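Before any questions on binding or motion, here is one chain by itself as structure tokens, the form predicted alone.
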């Protein structure tokens, strides 16, 4: 059954709900669009699904360029005692991840220069294993060093829809940036 203009069909809503529920990664609207019945608009389906789940125990949220079901924010703290938390990243890994997020694509020597300290291979291994960073080609410079960037998993892990959702660097600093 094809729905009216802009009104998603129940079949489309059920299919979207099942797809998002079954997926371990955020589901982009373009992926959903390929599966929907003719006449259903992916954006309209997702908007209606988000409306239906608003205020429930799980909510449909935009993260990492797609949608996922997430625990309602007001319930998350109560569930932390029973749901196993992923391990926390060491300080050096968090610093490295922040530098990559704000300066990507960036080389290891550039990261070390910004941090003011050398990086161990373990730091990169932790971030790679957690699928938070990935190689993004090579820089056109002597030695052609690897360029590093964040991944969709980074966005999903930090509840971001895109890199533009990162807080501004200026807002994170206790002292203003020097004027150039």
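Computed from a predicted structure; not experimentally measured. Numbering follows the first chain given and starts at 1.
Form predicted in complex with another copy of the chain: not shown, discussed below.
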{"query": "Another copy of the chain contact at residue 143 in the predicted complex, heavy atom, 4.5 Å", "finding": "no"}
{"query": "Partner contact for residue 53 in the predicted complex: another copy of the chain, 4.5 angstroms, heavy atom", "finding": "yes"}
{"query": "Residue contact check: residue 134 to another copy of the chain in the predicted complex, 4.5 Å heavy atom", "finding": "no"}
{"query": "Residue 107, heavy atom within 4.5 angstroms of another copy of the chain in the predicted complex", "finding": "no"}
{"query": "Among the candidates 36, 29, 44, 149, the residue which, in the predicted complex, approaches another copy of the chain to within 4.5 Å (heavy atoms)", "finding": "36"}
{"query": "Any residue of 16-34 that, in the predicted complex, places a heavy atom within 4.5 Å of another copy of the chain", "finding": "17, 18, 19, 21, 22, 31"}
